[in-house]
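The chain below stands alone, shown as structure tokens; this is the form predicted alone.
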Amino acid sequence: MRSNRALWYVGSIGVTALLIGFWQLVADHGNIPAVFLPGPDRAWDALISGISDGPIGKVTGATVERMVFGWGLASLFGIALGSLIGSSRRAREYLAPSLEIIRPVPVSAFMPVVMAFLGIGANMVLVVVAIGAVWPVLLATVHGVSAVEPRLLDVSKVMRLNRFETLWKLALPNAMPDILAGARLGLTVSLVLTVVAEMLTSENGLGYYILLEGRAFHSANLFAGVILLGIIGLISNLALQAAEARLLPWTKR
């Protein structure tokens, strides 16, 4: 098992190295002006200098804060509402059509409504991120709670658990793999929406920084911001994977 995992890591690093080498080759010999396609060496230098002497560190902190708070708000609301819907067959029958109608609606369609109530600012970005990131957690929780093993329900009857105790002690632990999978997807969605909302609202953050650098044709800084977004996504995903392995060790056997 460990050898397979080590081989997977080596293969992933090898593929990444090949892509970076191809990028460098195209940038050096592809007759593409550096103002449009800088090499990874220039982008990396811009990233290091931006973190040490430039504004990248500050704007990245603002973006990560919005991403985490929006994701946390979406996760709490999604788990709470999903638990109520998933534990009631009647609620699923009445609300499932509405959820399926609202779920495919782009988050951008809700932006004018949110702006009308909150205006353009940090709170608006937070709410938009939460609206977009709530769906993976909500639907995963509904599925996990509604798919409780019938034997567990029999156990709850034997133990004379009420509805809340059954939900808290049996249904939610049983649904935890689905919930964590939805939370991982929701975190990715929250990062994307944070960047897009920052670009649209001109809120100080990594998304607005990338937009400004692109308008100024500072391509190395632009690519540095994109690289940093990839690093943030990778680190956040690895963190949730580690949390999942700790909370659900039996799923990694």
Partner chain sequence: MKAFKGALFPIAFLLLWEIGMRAAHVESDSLAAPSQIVVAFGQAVIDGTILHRTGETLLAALCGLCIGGGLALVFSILLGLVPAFARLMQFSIELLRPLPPVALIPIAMLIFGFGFSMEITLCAVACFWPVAVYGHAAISNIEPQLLEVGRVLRLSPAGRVMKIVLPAALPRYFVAFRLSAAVALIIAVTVEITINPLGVGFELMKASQSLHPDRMFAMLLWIGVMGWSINAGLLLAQRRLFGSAGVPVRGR
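Here, rigid core means the biggest group of C-alpha atoms that superpose within 1.5 Å across both forms. Quick caveat: nothing in here was measured; it's all calculated off a predicted structure. Numbering follows the first chain given and starts at 1.
A second form of this protein, the form predicted together with the partner chain, is not displayed here; the remarks below concern that form.
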{"property": "The partner chain: the contacting residue among L200, A62, L47, A27 in the predicted bound form [heavy atom, 4.5 Å]", "result": "L200"}
{"property": "Among 126-134, 111-119, 71-79, 148-156, the region lying within 4.5 Å of the partner chain in the predicted bound form by heavy atom distance", "result": "111-119"}
{"property": "The partner chain contact at Y94 in the predicted bound form, heavy atom, 4.5 Å", "result": "yes"}
{"property": "Distance check, N162 to the partner chain in the predicted bound form, heavy atom within 4.5 Å", "result": "no"}
{"property": "Partner proximity in the predicted bound form: A239 to the partner chain, non-hydrogen atom cutoff 4.5 Å", "result": "no"}
{"property": "The partner chain contact at I210 in the predicted bound form, heavy atom, 4.5 Å", "result": "yes"}
{"property": "Heavy atom within 4.5 Å of the partner chain in the predicted bound form - qualifying residues of 213-228", "result": "G214, R215, F217, S219, L222, F223, V226"}
{"property": "Cα displacement of L95 between the shown form and the other one reaching 2 Å, rigid core superposed", "result": "no"}
{"property": "Core-aligned C-alpha movement of L234 between the shown form and the other one reaching 2 Å", "result": "no"}
{"property": "Threshold 2 Å Cα movement between the shown form and the other one for L118, core superposed", "result": "yes"}
